[in-house]
Every structure is written in structure tokens, then in C-alpha cells.
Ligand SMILES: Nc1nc2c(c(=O)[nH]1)N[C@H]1C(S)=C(S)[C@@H](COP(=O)(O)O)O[C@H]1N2
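Here we start with a single chain on its own, the form predicted alone, put down as C-alpha cells.
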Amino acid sequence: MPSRQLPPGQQLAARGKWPVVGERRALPVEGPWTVEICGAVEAARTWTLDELQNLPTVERVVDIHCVTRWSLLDVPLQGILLQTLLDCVRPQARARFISFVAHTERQHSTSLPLDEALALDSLVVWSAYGKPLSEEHGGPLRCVVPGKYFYKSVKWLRRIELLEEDRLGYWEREAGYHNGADPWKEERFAASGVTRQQMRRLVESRDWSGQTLLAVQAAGWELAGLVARNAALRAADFRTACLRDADFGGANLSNGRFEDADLRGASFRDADIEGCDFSGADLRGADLRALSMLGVTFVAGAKQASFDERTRFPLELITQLADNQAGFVRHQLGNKEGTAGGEG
């Protein structure tokens, strides 16, 4: 597919793969799966999956854009329009927002302005690619909101609630995800609330362990030897920074920008680096035994990451990369079948 169809910062998922992000299963239920619509409506109602499938169904082809920078284009879905369900319950005039709630241990949820959810032709979906949704992808029932990052499309949909005031969802509230979620505007994360004085002390100490620094702006900084174990550094900007021998073990670095950074000897062991951009970065001697490689970029145009024989990069993570990224990494490591550094 031509890249012009992709929002900025996105890349196509590896051929034939629909990556699994987040939880993989719902809480168990007794009896048939149901979904309820309640809140600011004239007539709250609950449907079983069979009852939903007896209502007027639709087929739609949508593009999926994950906040961790992978995309799937032209995904065929079958389900029912949100508008059809709302016509059955008649939203009250005070209903201005809509919340989708999952049947999970954390009660994952998300919300949108009601008018926007309807304008985007939001769906309640039970089938993809002509087959019932698998559990790991939200089956038996999930919502799909076209035109938004996919965290707005809640898996294992159990309740839809009409609200007078907005209610931030799980990822927006707990992980700092942007409430707008427009992929064409790259609305991925909310800004960090750290003051300049606090940031100055952190830079001086070189110890960011356990800190929450969303979207921290550290481009070009001298941070050699930084210790940031188990820190929340989503959407951090480390472009051209010196991070030699930094320790990011267990940190959440999703959507981080590391273009042209000096990462020689840096450790990303057990870190979340989904969606990170390492194009042009020096990764010689780096430990890339991370949790996931979904949406990671190592080459973009003429900008290429550097590896050597000491770079640790497990084969199973290479297979998660988009095709062009995987091919580049294998070439850099000089091993078509294995990985540099092994698992030692």
C-alpha cells in the first residue's frame, strides 16, 4: 500500500500480522455475552450477541492505526452501527459524551464526544476478515471508532454509557494517552506536567528511576550513564541526546524519539519500546532484549541505526518488525537466521 495512506509516524504492520497490544483476554462470563446501553437514555437496554446480529448489520472496510505506530489498511469488518443501537434507546438531550467499557480486570474504557462518535460511523463489531473476532483481538464483541488511534476502540465491549460530562478512559487517565487520539494530528500523549526546576534536578542526578515524565523534551541533552529503570517515559524526545551506557531497564518508552542519539552500551532490557524511532541512532553494544518491537523504526530514508557484534537483539523480536525494518536489522547484524549477541 502507498505510504500516503498512512498518518504521520505510522508504518504498515508486518505482512499478514495483526499485532496484539494490551490484554489478551476478557474476564469470564456466565451465560451468553451481552452488551448494555445505559446512562442518559430514555430506555436502557441489554442485547445478547445473537440479538445484535438479528438487527440491521453492516460491512465496513476500515484502516487501523495503533498509537504504537503500526497500521493495518483495508480491514473488512462486520457489525452494527452505533447509531442503530442508539436509535433503540433514544439518548436524552443532556447526553453529550459516550463511554465504552470493557469486561476486563481493569475495566478498561474510553470516551468520545457523542457527536464525534456518530460522525465517525462508530461500530460494534463481531467479525473481521470474514471470521468471528478472536478473543485476543476483542472477541466476541468490540467497538471500532474509525479515524482514531485504536485505543479508542475498546475490546470485549460490555457496556456503553451516555454521559452529560466527559469521563476519561483507562489509557487516557492512567497512561497519559491523548483524549483526542487523532492519528493525522499525532495526538498520542498528553504533555508532561514536570516543572523546569524538577527537570533540572533530575538531569543533575542522572537518576530517573520510577519517575513519570510523559513527553519529556530531552533532545540534544548530555545524559551519559542515565539510570531510568522502571520509569514512565512515553513519547519522550531524546533526539541527538548522548545516552551512552544509559539503563532503561523495565521502562515504558513507547513512542519515544531516539533519532541520531548516542545509545552505545545502553540497556533496554525488559523495556516497552513499542513505536520508538531509532533511525540514525548508534546502538553499538546496546541491549535490545525489550518486551516488544511493534512499530519500532531503525531506518527511515537515509537515516540508519548502527549495530555491531555486541548488539543484543533476539530473533523473536525481529519477526515483530515491519518487513523493511526487519530486513534492515538482519542485514546490519550480518546474520540472516540469528541475532547478534544472542540471549546470553
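Values in this document were obtained by computation on a predicted structure and should not be read as measured data. Each residue number is its position in the shown sequence, starting from 1.
There is also a form predicted in complex with the named molecule; it is not shown, and the following applies to it.
Practice problem: Scan R142, R257, H178, K148 and let me know which has any heavy atom within 4.5 Å of the named molecule in the predicted bound form. | Solution: Of the candidates R142, R257, H178, K148, R142 is the one lying within 4.5 Å of the named molecule in the predicted bound form.
Exercise. Identify which of T104, N230, T212, S127 has a heavy atom within 4.5 Å of the named molecule in the predicted bound form; exactly one of them does.
Key: Contact residue from the list: T104.
Quiz item: Taking heavy atoms and a 4.5 Å cut-off, does S71 contact the named molecule in the predicted bound form?
Solution: Close contact is absent here: in the predicted bound form, S71 is far from the named molecule, nothing within 4.5 Å, heavy atoms only.
Quiz item: Does the named molecule get within 4.5 angstroms of any non-hydrogen atom of V21 in the predicted bound form?
Solution: V21: contacts the named molecule in the predicted bound form.
Quiz item: Does S153 reach the named molecule in the predicted bound form, with heavy atoms at most 4.5 Å apart?
Solution: Answer yes; at least one heavy atom of S153 falls within 4.5 Å of the named molecule in the predicted bound form.
Quiz item: Is the gap between C66 and the named molecule in the predicted bound form 4.5 Å or less for some heavy atom pair?
Solution: Contact with the named molecule, yes.
Self-check item: Interface segment, criterion being heavy atoms within 4.5 Å of the named molecule in the predicted bound form, picked from 83-91, 106-114, 215-223, 232-240
Solution: Heavy atoms within 4.5 Å of the named molecule in the predicted bound form occur in 106-114.
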